[in-house]
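Next up: a single chain in structure tokens, the form predicted alone.
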């Protein structure tokens, strides 16, 4: 073990230590004199220390609050382009436990067939902050509208709704959105939604329509039954198509004179299948091949695609200085959308035309049109069935009406018959007496 070292203070060491102590004491005395005798320096130093302390405290508070926010708070953003955006606004507009100071109005204006008008106003949350209480949790809702970003499809400002709540209550977001979706779907129960193309997407057109009963559209014997059977057979045999590598889609063509009930039957068929209808206007000026292909590949679920008057889309492709071509869709573009490499699967497409002879043979090929049927003017069977539908039990008058109508020896559309029966809704005798009016297809009842 080494011996501890012993330090011996020599006279030289003692003198050096004393010198250092003297110098340090003089420096400290000088600093105290400057701070005590110079008030500007003392005040500035105090402010500097105070400012530094406040800045440090502020930085620490911001960091702490940011940490707490990340750990305790959760946000959910719903952009206006998302389908759930309108669902949520509708749901919140009906939520009872809501505190809102900024409201917007949505007006539903419906004009009924009899001319009466019903208007319904709904107040929904406008841009700003709102609070709701949902299942015991408080949720802050912030609706923001961008002044710079615009939805190019309709020119409306881009909006977002942000929901904020405690992290522990984040599961409520799923429950809330499901309630909003169920509420939106419930409002359409028993109704058929009509979609039209709006830019690159499908949007509901007007209010959902009450489902039309299939028996309310009277076609000739066996026609309606044949179409319904074929559609249902197609719907239940998806696996059969997939196993054989056949594209799972089916096209129908209803052709015949105007007013024969083609579109009415499609609407009734959609109602019986609980499907909606997507109407595509091929003569639309701004419709292009690419947009047509995109729309036909993004049809809403459980929807029938309806192409009305398909023969008229390519008959008059005239070029004008103002609008370019009247139709931007080419015939080859339509064929590719119906049966090309990029064509959609699991679709039911109905096409209608008044002039089947004008259709190009290329569109009649199986895979594009798989089932075609003639929907003609009213036969004696249809005349009798329609009479009894409007006047149940009037069998004797029905026979007389059918004989007088067929003796006219002129084409009679079901639309003409319906107009006559509606005008005399409570008097089958008057309908019988006015049967001569069916000679004129454009007769106006007064």
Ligand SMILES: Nc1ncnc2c1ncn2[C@@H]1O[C@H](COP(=O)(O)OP(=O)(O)OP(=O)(O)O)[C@@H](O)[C@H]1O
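Computed from a predicted model, the values in this text were never measured in an experiment. Residue numbers count along the first chain shown, from 1.
Another form, the form predicted together with the ligand, is not on view; read the next lines as being about it.
K.L.:
If the cut-off is 4.5 angstroms on heavy atoms, which of these, 126, 257, 300, 208, is the one near the ligand in the predicted complex?
P.N.:
When the ligand is considered in the predicted complex, the option within 4.5 Å is 257.
K.L.:
Which residue, 104, 272, 196, 263, has a heavy atom that falls within 4.5 Å of the ligand in the predicted complex?
P.N.:
After the contact test, the surviving option is 263.
K.L.:
Taking any heavy atom pair closer than or equal to 4.5 Å as contact, tell me whether residue 218 reaches the ligand in the predicted complex.
P.N.:
Judged by the heavy-atom cut-off of 4.5 Å, residue 218 is in contact with the ligand in the predicted complex.
K.L.:
Contact between residue 379 and the ligand in the predicted complex at 4.5 Å, heavy atoms?
P.N.:
Result no; residue 379 lies far from the ligand in the predicted complex.
K.L.:
Within a 4.5 Å heavy atom cut-off, is residue 372 in contact with the ligand in the predicted complex?
P.N.:
Contact with the ligand, no.
K.L.:
Give a yes or no for residue 388: in the predicted complex, does one of its heavy atoms lie within 4.5 Å of a heavy atom belonging to the ligand?
P.N.:
Residue 388: no, not in contact with the ligand in the predicted complex.
K.L.:
Given the stretches 209-217, 133-141, 363-371, 329-337, which is the single one in contact with the ligand in the predicted complex, using a heavy atom cutoff of 4.5 Å?
P.N.:
Heavy atoms within 4.5 Å of the ligand in the predicted complex occur in 209-217.
K.L.:
Can you tell me which residues in 389-416 come within 4.5 angstroms of the ligand in the predicted complex, by heavy atoms?
P.N.:
389, 414, 415, in sequence order.
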